[in-house]
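The chain below stands alone and is given in C-alpha cells; this is the form predicted alone.
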C-alpha cells in the first residue's frame, strides 16, 4: 500500500532576507522571488506525489520552533538558513532533534563567497548539502528527499 500524499510531507524552511529574493543582490541570488521558488516546489511536489509546506522567517527563534514542530509530522526537511548558516548553534541544536533526512540548501556557492560565509554551522549534522545551483538546488533537494 502506497503512503498517501498527506503522509509524505516535506517541510521547506527559508531563512532571513530570503523574502527579498528578486530584489536583493540578483547577480548573486538570481531574479526569481521566493513566491516563484515556492510555486516551483509545489508544482514538483505534485508531480512527485508528495506534500510540501514552505515557511520563511527573519527570526531565528521562529525557525527553531518550526524545526521542532517538523519532528514527527514530516518525512524530510529542506532548509536554507541563509545568514544563520554561519552563526546559529541554536538552529544546529534544533536539527539534532530530527530523525528524518535534512538537506541544507544555498542558492549561491557559499565556498566561493567571503571567508565568513564558508563555514556552515549545520553541515556536519545534515544528511546532505546542495550549494551553488540557484533555484535548481531546491528542486534537486526535493527530488532527493522524495526518494529517501
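Since the structure is predicted, the reported quantities are computational estimates derived from the model, not experimental observations. Numbering follows the first chain given and starts at 1.
Just so you know, the form predicted together with a small molecule exists too; it's not on screen, but the next bit is about it.
The closest non-hydrogen atom of residue 97 lies beyond 4.5 Å of the small molecule in the predicted complex. Although the partner is absent from this view, residue 52 stays clear of the small molecule in the predicted complex, with no non-hydrogen atom inside 4.5 angstroms. Using a 4.5 angstroms limit between non-hydrogen atoms, residue 107 touches the small molecule in the predicted complex. Contact check for residue 113: a heavy atom falls within 4.5 Å of the small molecule in the predicted complex.
Screening 88-96, 39-47, 22-30, 56-64 for residues having heavy atoms within 4.5 Å of the small molecule in the predicted complex returns a single hit, 22-30.
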